[in-house]
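Here we start with a single chain on its own, the form predicted on its own, put down as structure tokens.
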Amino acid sequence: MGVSHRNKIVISEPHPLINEEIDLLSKYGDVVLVNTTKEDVLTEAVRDADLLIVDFARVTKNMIENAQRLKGIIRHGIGVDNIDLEAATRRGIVVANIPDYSTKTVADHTWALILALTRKIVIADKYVRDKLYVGRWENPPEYLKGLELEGKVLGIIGFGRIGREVAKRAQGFGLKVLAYSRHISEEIAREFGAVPANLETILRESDIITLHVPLTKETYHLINEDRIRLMRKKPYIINTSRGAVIDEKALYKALKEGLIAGAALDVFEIEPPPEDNPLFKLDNVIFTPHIAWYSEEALRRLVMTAVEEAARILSGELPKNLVNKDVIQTLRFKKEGA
């Protein structure tokens, strides 16, 4: 009588609820926390794994091809630009993400950045801490003058789950909302208080622009020097999606030249960003360290959904949040050819 196989589940990187996640996953197999993003170490760990759960680690073609037993990859998050989807699909490996866990949290963070940026909260805080107000409390300097939101135009680029939540929150501030997405319908836009618009219209007419698109070949450097030149109103730009959606060199130049009033970035082209990133020298930019998703509620949803998807994959089911849908054909071919 053969020895039954016990699943091996590899987690690339830890998070604050990792012990709870490991306890839940241990019902379905032996859990290995590798605690690295290094490709060679992770490749070796995944060689005999049945399931891989990743955060920011890159899942390469080489890693996938050397993982002989791998059934599925779960991305601890929304974007899957760190996973070679083509290689996974060819091998019949399902890839799942967790699209809903941080929708409201990211929308909240986006609005925190909009308000901090337009009302100069960060530099105002420094102004007080550095005691620059002495003798002039009633006459603050020009650089602390904020922007009143009512009546302004908010342009939302990417009108998926997060973009719609951002639009919903805009109604309380009395903003006109323009929304752009490749497959946006007027009905959906109106439901969330927005008006559908093309990309050029949003760039031309918006006082504030916020980005909520995945990183793909089409969205890489979506905001570049040519598109910045279309921005007539010298808008504020907020990015809580992926850093490479914005050409940082073009952004820096535009901020220096006054073509853009200010920017708030939760994400960077290179993460973590190099210490000599020239954007750090600018006073009209606010930074947060890729934490738009990071709340107690979102983290708990992340863990629970990851565990549920792991259970489905290891039991031979398709995950609910299947990303590489073409894999179904590969799996069907394998089954028929078996």
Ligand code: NAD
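Don't overthink the numbering: it's just position in the shown sequence, from 1. Nothing here was measured: the structure is a model prediction, and the numbers come from that model.
Keep in mind that the form predicted in complex with nicotinamide-adenine-dinucleotide is missing from the display, and what follows is about it.
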| query | finding |
| --- | --- |
| Residue 118, heavy atom within 4.5 angstroms of nicotinamide-adenine-dinucleotide in the predicted bound form | no |
| Residue 262: touches nicotinamide-adenine-dinucleotide in the predicted bound form, heavy atom cutoff 4.5 angstroms | no |
| Contact label in the predicted bound form: residue 148 to nicotinamide-adenine-dinucleotide, heavy atom within 4.5 Å | no |
| Contact of residue 204 with nicotinamide-adenine-dinucleotide in the predicted bound form (heavy atom, 4.5 Å) | no |
| Region of this chain that lies against nicotinamide-adenine-dinucleotide in the predicted bound form, out of 154 to 162, 82 to 90, 229 to 237, 123 to 131 [heavy atom, 4.5 Å] | 154 to 162 |
| Residue among 246, 175, 106, 96 with a heavy atom within 4.5 Å of nicotinamide-adenine-dinucleotide in the predicted bound form | 106 |
| One residue of 58, 312, 47, 290 in contact with nicotinamide-adenine-dinucleotide, assessed in the predicted bound form (non-hydrogen atom, 4.5 angstroms) | 290 |
| Residues from 230 to 253 in contact with nicotinamide-adenine-dinucleotide (non-hydrogen atom within 4.5 Å) in the predicted bound form | 240, 241, 242 |
